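Coming up is one lone chain in structure tokens, specifically the form predicted on its own.
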Amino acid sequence: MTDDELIWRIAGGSGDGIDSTSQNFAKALMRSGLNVFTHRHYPSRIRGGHTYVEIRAKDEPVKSRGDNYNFLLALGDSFARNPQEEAYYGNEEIKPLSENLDELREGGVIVYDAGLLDTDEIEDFDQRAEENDWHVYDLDLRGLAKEHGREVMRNTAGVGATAALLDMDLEHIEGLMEDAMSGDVLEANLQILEEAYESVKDDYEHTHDLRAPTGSHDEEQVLVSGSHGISYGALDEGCRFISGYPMTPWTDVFTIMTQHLPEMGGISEQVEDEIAAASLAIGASHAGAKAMSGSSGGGFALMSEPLGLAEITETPIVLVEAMRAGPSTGMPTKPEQGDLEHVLYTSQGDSNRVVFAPGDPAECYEQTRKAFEIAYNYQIPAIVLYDQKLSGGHQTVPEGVFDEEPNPDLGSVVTEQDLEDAVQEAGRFKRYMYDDEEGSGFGGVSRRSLPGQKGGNFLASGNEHNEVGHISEDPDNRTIQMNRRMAKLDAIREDLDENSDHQPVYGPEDAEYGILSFGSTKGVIEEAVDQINESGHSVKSMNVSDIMPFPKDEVTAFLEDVDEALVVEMNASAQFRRHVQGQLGRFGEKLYSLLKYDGNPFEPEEVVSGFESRLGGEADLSEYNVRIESATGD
């Protein structure tokens, strides 16, 4: 078998170094000139349990995990020896091999640790291997590791075996190990790596044709996740304060920011809960810092109260909501897009917020910067919405994406000269000033002062207030202040239309059909669009990132241009389709849904089959955990 792409899966026990080993191997593939995309699957436990990471590498750009995989490295689970009854299902010890066979492609390669795994314990293993033309290599990786170092170094032996079977040079792998280790640990790992490599080269007959693809980059690449994109975007935009409470998968952003903020003169604060986290960030922003907080699911629910406070006090703040499968704790390490309506409608009264849902790490960077810019220019909460898939998956991105100028500007803040003029004219600084009954001049924004500015004192309260901040229940004042705050969204939409393009359209301009999505499904859908068009259909896609304020004109033009559209999203209730119809007030008769909510992200093949099932009713969806939902009145 010969493929133009390698999809390498390393499987083992959570806590056995699967993630770190895969990251180093992914970087080695990137440094060899290939484009890389990773997918991480892990259980909702502190330690132990079956886990795997997939690395897809090819010369051409990669936008998704792809369909199935072609190389399995199965290691043992060190923590599977004393399973708690009813806490697990099946035989934990053999899962690194048994749980991963269904998705292995015909002609694929299996390397398993014969020191810990026994194929006799797996039903019909030999028969399945023969039927699927799998090429199986049994290696005592644990024994080799123990001979020269420690048992956990069997991961290194597995990487050495992989490199030998794929005809890869060890240069980049050794370089990464030298960057990460030193002393006796480095020497032992290098010895194990080279011995495994030479052993496989010399002692095993290679029966397969799969080899590592070759490639080159026109531009220097970095391997980053969506969490890196959000964090780097916040730091480059001048964010110097973050507060939070750990919760998967939001913790990734919190951790990255915490690693970098102190050296940049910033502050990271872990507090007792998410109410305190968001409130502390509001306080920091009020004092003049660019501030961020965030959480996932239930943690973000606690932020409902301070979210409303930020809106009525018009304090800029950026919040991150990292979606995972719910409700409640749900499946905290699995991806889903089920918090869309939660983010849109949480908090009190007629509240407004800006919501961006980037689709890949580069968009995470750019749209986080835009979220800060909008939040501080318009004094409104801005939310960056993404999910576990984008949080934990890594992707090669041109280094130049992050090479932008920093922006320390605090947005709509008055100068001391402005304050002096305003106080002389009105006798007091009117923090919540309005020019007329329709709102003030700059999109409903009345500029704020910072603590310490001479003459800039004002009252800040969660109650409705008049222009100087005194509590007021006067009906006329209430109406004017509400109108002023509500006017911000229209102004922000105009701003975004002039300066941003967050709704990329992919595929032929005159396509007959459309696929509509939001957030992290962008890449997999674009690969599916290519496959659908190659099969003779005509389709294009639009991935919407501006969730609120909604880009009505752009989405309307896209939908008017196609006969019908498939809305693809990872939840059970078609929340995004409902949002589209609610915002546009039409198109119910031409919008169909393809829904997935089993804890795994879409693969291109599922989107293709979903499209063909809707179009001709010929594709069989029974082998997938996806569901088609008909259009209104269909």
Partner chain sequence: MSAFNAIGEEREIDRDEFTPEIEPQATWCPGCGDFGVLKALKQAMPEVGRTPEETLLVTGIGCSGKLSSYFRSYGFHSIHGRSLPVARAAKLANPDLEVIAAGGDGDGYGIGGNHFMHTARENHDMTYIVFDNEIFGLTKGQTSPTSPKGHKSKTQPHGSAKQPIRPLSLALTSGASYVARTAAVNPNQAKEILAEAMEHDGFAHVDFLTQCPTWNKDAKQYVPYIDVQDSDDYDFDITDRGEASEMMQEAEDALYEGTVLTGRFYRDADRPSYQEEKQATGDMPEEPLAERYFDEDYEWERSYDLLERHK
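Residue numbers count along the first chain shown, from 1. Being a predicted model, the structure only gives us computed values, none of them experimental.
Another form, the form predicted together with the partner chain, is not on view; read the next lines as being about it.
Though the partner is left out of this view, I480 does not reach within 4.5 Å of the partner chain in the model of the complex, counting heavy atoms only.
Mapping the unseen interface onto this chain, H228 counts among the residues with a heavy atom inside 4.5 Å of the partner chain in the model of the complex. In the model of the complex, no heavy atom of R154 sits within 4.5 Å of the partner chain. Put simply, Y434 is far from the partner chain in the model of the complex: not one heavy atom of it is within 4.5 Å. For the three residues G238, D273 and L410, a heavy atom within 4.5 Å of the partner chain turns up in the model of the complex in every case.
When you look in the model of the complex, the only residue of A284, I173, A161, A511 with a non-hydrogen atom within 4.5 Å of the partner chain is A284. When you look in the model of the complex, the only residue of L223, L190, V136, V555 with a non-hydrogen atom within 4.5 Å of the partner chain is L223. Of the candidate stretches 498-506, 99-107, 448-456, 197-205, only 448-456 has residues with heavy atoms within 4.5 Å of the partner chain in the model of the complex. Contacts of stretch 367-402 with the partner chain in the model of the complex, defined by any heavy atom lying within 4.5 Å, are made by E399, F402, listed in sequence order.
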